[in-house]
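Coming up is one lone chain in structure tokens, specifically the form predicted alone.
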Amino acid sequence: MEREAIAVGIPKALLYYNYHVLWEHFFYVLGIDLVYSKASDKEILENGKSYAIDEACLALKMYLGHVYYLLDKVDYILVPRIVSLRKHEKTCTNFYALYDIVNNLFKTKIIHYNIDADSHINERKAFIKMGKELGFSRTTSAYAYKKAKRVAKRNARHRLIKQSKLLESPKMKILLAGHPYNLHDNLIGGPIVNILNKLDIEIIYSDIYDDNEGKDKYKSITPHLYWTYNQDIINAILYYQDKIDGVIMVTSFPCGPDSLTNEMCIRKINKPIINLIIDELSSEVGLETRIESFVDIIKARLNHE
């Protein structure tokens, strides 16, 4: 008797931009159908705002809109819970509250995995448990994770090779520094990317760097940094520092960890840096003015050298 097909919904927000290749291939090996939310737009944001508290960051409001979009389209919605990737460090509180937030707001079935290094629950264990909860054996789930992890690593290498070639360009190069869910979201980072493209700027992304070579570079800025994903941003800035002309930091209002780490970068990294804080009322005209002025300053600096 054939197993009945299961449809899992993937909200294209928050950790989707870190892990979507891993998720896609894990579920593909298991033979599970995936349904994605649409790209972020005003409708997604408005629906998310209707469920979020006022103090929630823009990225979380967007995420809730993506979850709402999937409610009547799937059997389960994937909502990961990532507390810590390394011992004595943490991710954003939104990421380890995410399951509870979605579970309390929406009447929907959730499939989730939990990663908590301090409790000795690593990614492999978490994915195997998730596979078993979907009715697959431990062996099948472990095999699916192994294959998916291999594909994700290969994808990361290809992205790094492709971006490395951009560093050879004679164009001005600006590093977009921030969480992937801000940089690559259609409404948050999308307008910034469009403006830079119109200015003929080569865009380098902070979520693409050699994390072996760049590991722990943040310690030259601060000996201790509690938030793992913010370590990644600073590592990337320092990794690319001598290969770029300027840095645009992209933050969704009102992110607490970003507000602290961005200030450290502005004060301690010797490179032109601008911090763009995006909220639901951000004007593309205002963004364009600030970015154009920033680019003009870099050009003047380069001409003076």
Partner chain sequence: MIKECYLGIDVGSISTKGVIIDKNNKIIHSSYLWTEGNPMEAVKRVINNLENDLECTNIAIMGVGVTGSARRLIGSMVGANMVKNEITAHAVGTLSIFPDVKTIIEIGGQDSKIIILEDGIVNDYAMNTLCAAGTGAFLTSQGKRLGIPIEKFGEIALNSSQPVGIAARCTVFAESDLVHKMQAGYKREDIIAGLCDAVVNNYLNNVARGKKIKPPIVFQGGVSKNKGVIKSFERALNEKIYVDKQGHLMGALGIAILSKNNSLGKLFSFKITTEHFETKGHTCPRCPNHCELISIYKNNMLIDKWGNRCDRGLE
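Residue numbers count along the first chain shown, from 1. Keep in mind it's a predicted model, so treat the numbers as computed, not measured.
Unshown form predicted together with the partner chain; subsequent notes refer to it.
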message: The chain here is shown without the partner chain. Which stretch in 54-62, 238-246, 38-46, 22-30 comes within 4.5 angstroms of it in the predicted complex, by heavy atom distance?
response: 38-46
- prompt: Thinking of L187, D279 and D296 as the candidate spot, does the partner chain come within 4.5 Å of a heavy atom on all of them in the predicted complex?
  reply: yes
- prompt: From the list C255, L70, I274, C265, which entry has a heavy atom within 4.5 Å of the partner chain in the predicted complex?
  reply: I274
query: Heavy atoms within 4.5 Å of the partner chain in the predicted complex: does A300 have any?
result: yes
